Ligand code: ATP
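Only one chain is given next, in structure tokens, and it is the form predicted on its own.
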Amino acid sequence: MTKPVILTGLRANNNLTLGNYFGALLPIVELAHSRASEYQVNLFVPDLHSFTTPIDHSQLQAQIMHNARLFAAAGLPLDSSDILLYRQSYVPAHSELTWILDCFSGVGEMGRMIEYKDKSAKLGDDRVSVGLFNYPVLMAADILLYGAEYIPVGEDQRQHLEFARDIAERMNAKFGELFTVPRPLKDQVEFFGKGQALRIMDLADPTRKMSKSDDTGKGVIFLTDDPAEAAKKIMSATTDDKASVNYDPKEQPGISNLLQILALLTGETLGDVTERYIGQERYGDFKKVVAEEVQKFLSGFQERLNAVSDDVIYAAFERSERAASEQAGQTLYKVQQAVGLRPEV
């Protein structure tokens, strides 16, 4: 690896939302276009992560391909040697390094992970897997195998990024310089900018973030929603009784959320959009503008998505997985030598 690495993955078994598109998918695609000459950009499908919680395994392959197509439809240049699009499970070093790191990770530090606590509380003891418990170790392996310095993460993953830094420093202190330590959180936020902080809220309950794991889908715009149905969700979005459009996330979260969505869809600044509609009293008229933009965006995106062929995706996978396996294998072998699993040369 001669260039610093940016790494990100989108879990394969959830339908992505409008928030995922603008907050995660599009920023990394734009970054790939603008910075691939300076960085190696790794975009992987974390299929091993996909069943840390119960899923329908018969759908996993279709979901893996769907997620890869999303990257392509969003404009990812699949023919660049500096951009790797690969399936996690097709690079065995991810699993092998995870086991080694497991043996240097504490039960206590895994048990303190907030995401584990939240998900295990929802699942109940009889459905909580060891995979969910040590998920942060696999995530650390994903990062450390490639010496990734920059990893865009949401709030729910920040603790896991800190663990990746901790385990890298722990192993380096014990065995020498094995791993590149990812940049600290403040550097990540500065590097990725607004995408790190972007929060599109639920349309039905604008006090909580729009989530791809929402079971009802009533307040969520999925990228695969029928465009006309998505427009209806906008028209039904929860607002308030103030009868005046204004950007005020605390007092008017619903209207503020719609202003944010409109700005993202039109490519304008939030300030310009707010200035144009501020004080408008008829929420229905404003919602109609947002609904039309959502419908137009989804129609265009889904047209591009349907045009992506499996052959193009498989060709990108094959090229990238060869390169990823070579890079990850070199790191793994160095670690295996350090812990005594391979002879020192």
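Just so you know, these numbers come straight off a predicted model, no measurement behind them. One-based numbering along the sequence shown.
Absent from the display: the form predicted in complex with ligand ATP. The rest refers to it.
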Heavy atom within 4.5 Å of ligand ATP in the model of the complex - residue from Ile200, Leu138, Ile234, Leu161: Ile200
Can you work out which of Ala93, Met210, Leu85, Ala72 has a heavy atom no more than 4.5 Å from ligand ATP in the model of the complex? Met210
Please pick out the stretch from 61 to 69, 291 to 299, 22 to 30, 315 to 323 that is in contact with ligand ATP in the model of the complex, where contact means heavy atoms within 4.5 Å. 22 to 30
Check whether Asp156 has any heavy atom within 4.5 Å of a heavy atom of ligand ATP in the model of the complex, and answer yes or no. yes
